[in-house]
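Quick heads-up: it's one chain on its own, the form predicted alone, in structure tokens.
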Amino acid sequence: MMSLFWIVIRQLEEIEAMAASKKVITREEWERKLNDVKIRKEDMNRLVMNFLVTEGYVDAAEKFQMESGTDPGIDLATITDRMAVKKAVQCGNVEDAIEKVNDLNPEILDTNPQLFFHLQQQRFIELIRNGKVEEALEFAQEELAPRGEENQSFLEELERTVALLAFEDVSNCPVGGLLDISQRLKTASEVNAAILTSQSREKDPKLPNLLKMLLWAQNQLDERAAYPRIKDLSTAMLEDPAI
């Protein structure tokens, strides 16, 4: 797929100098161009390992390391700790997650007030979810309000979250989405990214970005040529151009 991306880019450059009419590229010609691009297996292996490590697939990373000999560039045991934090947030156990983050590296929350606020915000949301309204109000007053006074954006987020308490039926609440699992996942991803940064690792795996670049390149080429393109990234099968 990496080779396909470079083929698309090169083809774009070639077509720029041609007439406005679309060029037709046959499957045979396209596959010949693909075969001309040489991608080292080691580079592909590092790309796969980067994805497994960043996304936290410890078992898969260990097996891939044994099978390919690819160095993960990190102690895989730290992935287990990071995933434990992420899972705790995803399950709504925010206090446990904060404790685990501090065990990993206390500086993560000390140097990232926005992350700490979002974790405390998530604790507040979990209290509301569990019907602990009085406890939620007390928590907001003691932990969240002081931070809102120091930061305008935190105050706006707090006001938005407190609005959950104004509705008995949260399905009618304009901010009811804060109670969705997607909010937990968002907070969990933010924590995961902060831990990776503290370990001098990239926050996002490279593979999804490469796929986005491939789709962008295909869209650019679509305007200039008819060629075998990938429509389903899960199979990466080429589909013949419509002529």
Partner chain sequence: MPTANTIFPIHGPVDLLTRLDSPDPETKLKALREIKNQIIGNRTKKLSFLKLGAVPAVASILSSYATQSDSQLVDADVSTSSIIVQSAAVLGSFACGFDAGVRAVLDAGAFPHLIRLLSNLDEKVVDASARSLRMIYQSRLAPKYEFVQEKNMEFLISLINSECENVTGLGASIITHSCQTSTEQRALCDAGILKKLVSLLEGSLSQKNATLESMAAVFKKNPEVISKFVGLENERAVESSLSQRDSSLESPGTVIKNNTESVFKFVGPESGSALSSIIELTKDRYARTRLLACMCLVVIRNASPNYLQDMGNQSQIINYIPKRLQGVLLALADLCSKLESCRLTFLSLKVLNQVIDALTHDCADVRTSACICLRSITRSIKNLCAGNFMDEMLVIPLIRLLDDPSVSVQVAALGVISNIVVDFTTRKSTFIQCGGVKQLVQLTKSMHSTLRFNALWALKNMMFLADDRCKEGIFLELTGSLLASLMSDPEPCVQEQALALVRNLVDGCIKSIEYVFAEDGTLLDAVGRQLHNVSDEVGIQGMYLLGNVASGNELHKEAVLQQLLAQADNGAQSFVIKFLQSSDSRLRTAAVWVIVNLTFPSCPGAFGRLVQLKNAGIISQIRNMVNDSCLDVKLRVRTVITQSMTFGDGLT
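None of the values given here were measured: they were computed from a predicted structure. Numbering follows the first chain given and starts at 1.
Only in words, not in the display: the form predicted in complex with its partner chain, which the text now covers.
Non-hydrogen atom within 4.5 angstroms of its partner chain in the model of the complex for each of Glu28, Asp36 and Glu223:
Not a single residue of the candidate spot has a heavy atom within 4.5 Å of its partner chain in the model of the complex.
Within 4.5 Å, heavy atoms only, one stretch in 169-177, 113-121, 69-77, 156-164 touches its partner chain in the model of the complex. Which?
Comparing against its partner chain in the model of the complex, the contact stretch is 113-121.
Using a 4.5 Å cut on heavy atoms, which of Gln218, Thr197, Gln183, Ser189 is close to its partner chain in the model of the complex?
Flagged contact: Thr197.
Might Val133 be said to contact its partner chain in the model of the complex, defining contact as any heavy atom within 4.5 Å?
Close contact is absent here: in the model of the complex, Val133 is far from its partner chain, nothing within 4.5 Å, heavy atoms only.
Answer yes if any heavy atom of Arg147 is within 4.5 Å of a heavy atom of its partner chain in the model of the complex; otherwise answer no.
Arg147: yes, in contact with its partner chain in the model of the complex.
So in the model of the complex, does Glu55 come within 4.5 Å of its partner chain, heavy atom to heavy atom?
No, Glu55 stays farther than 4.5 Å from its partner chain in the model of the complex.
Using a 4.5 angstroms cut-off on non-hydrogen atoms, would Glu62 count as touching its partner chain in the model of the complex?
The answer is no: Glu62 has no heavy atom within 4.5 Å of its partner chain.
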